[in-house]
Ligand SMILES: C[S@@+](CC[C@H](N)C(=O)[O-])C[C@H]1O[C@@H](n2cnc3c(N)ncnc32)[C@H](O)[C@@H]1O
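Just one chain follows, in the form predicted alone, and it is written as structure tokens.
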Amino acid sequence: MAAAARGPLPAAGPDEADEAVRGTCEDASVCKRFAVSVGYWEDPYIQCFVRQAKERKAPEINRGYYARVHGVSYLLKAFLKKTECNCQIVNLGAGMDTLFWRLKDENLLPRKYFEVDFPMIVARKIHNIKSKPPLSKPIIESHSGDSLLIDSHSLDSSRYSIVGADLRFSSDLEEKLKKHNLDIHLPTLLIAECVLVYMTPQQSANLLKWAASTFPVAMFINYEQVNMTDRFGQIMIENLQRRQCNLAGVEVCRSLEAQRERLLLNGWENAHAIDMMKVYSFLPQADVKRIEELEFLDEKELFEQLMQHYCICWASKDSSNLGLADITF
């Protein structure tokens, strides 16, 4: 590693490391808002959560986020179709994600949509929801039954719930979700985007095992780094370490096979993993052509390298034979 030549990088303490991970939520949201402002995809809600970026984001970053958003959305919509929306979604480490509002606009809401993140991030999101009618109105409109519960660290309506919890402790997570009417018998989609990589391999294994053993019918979508043992991967790791951001779970990101294996070893019946360059090639090519005309991409090789170092993995278990194993690109 190049960093070794300059002496070891100082290790971050637990609080400092968590703070750095929380910072990645802001980075991702700012990047998404910039890509939306250029026209990569439509999201009228992201502006309610984050400021516009002070400087332009590189075209390869914008295309990468485009592939991430559309890749996850493709699998998610396939799950909603198989279950006819008679399901629940649990978005793990959701940050400032706007998926609930976008699904409502498309008339694709599941029975209930849950979000989980650090209490500090949840408090900020709830503040935004309470103070901005474009966010609060859809929650109120979709709510039925008793009064809507809201405090600084949690919000619970009949269709949307946001919970402050640490994903490294699955028993605490389950208890909080059940308080908000999680139904373990309902087909459940769990989503984690750049989340597991910040947990130790044991912690992420525990989370995956908990999900597989809790829900008889479920699918897990994971988006994160891959092929991290090569030179390009090492540079990515060093760049994050300089920001005190430690990829505690990077060992599992060594290959697509390691990613697949982790899911299979932790109770999932079948699993797939493909890099983002492949995902990009599977997306509707007319829209890909449209976004490629938005900005000139000088660094084609850099874009391909970046995309080969991120992946989407998905796994399912399906005791009701809904055909979840058939979901693919």
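A residue's number is simply how far along the shown sequence it sits, counting from 1. What you see is a predicted model, and the numbers here were worked out from it, not measured in a lab.
FYI, the form predicted in complex with the ligand isn't displayed, but the following is about it.
None of 146-154, 80-88, 94-102, 175-183 except one has non-hydrogen atoms within 4.5 angstroms of the ligand in the predicted bound form; the exception is 94-102. Within this chain, Trp210 is remote from the site of the ligand in the predicted bound form, having no heavy atom within 4.5 Å.
The closest non-hydrogen atom of Gln308 lies beyond 4.5 Å of the ligand in the predicted bound form. At the 4.5 Å threshold, heavy atoms of Leu283 stay clear of the ligand in the predicted bound form, well away from it. In the predicted bound form, the ligand lies farther than 4.5 Å from every heavy atom of Tyr113. With the partner omitted here, the residue from Val252, Ile162, Ile121, Leu247 that has a non-hydrogen atom within 4.5 angstroms of the ligand in the predicted bound form is Ile121. This chain is drawn without the ligand; in the predicted bound form, the residue among Met228, Leu76, Val195, Ile139 with a heavy atom within 4.5 Å of it is Val195. Contacts with the ligand in the predicted bound form, taken as any heavy atom within 4.5 Å, map within 139-176 to Ala165, Asp166, Leu167, Arg168.
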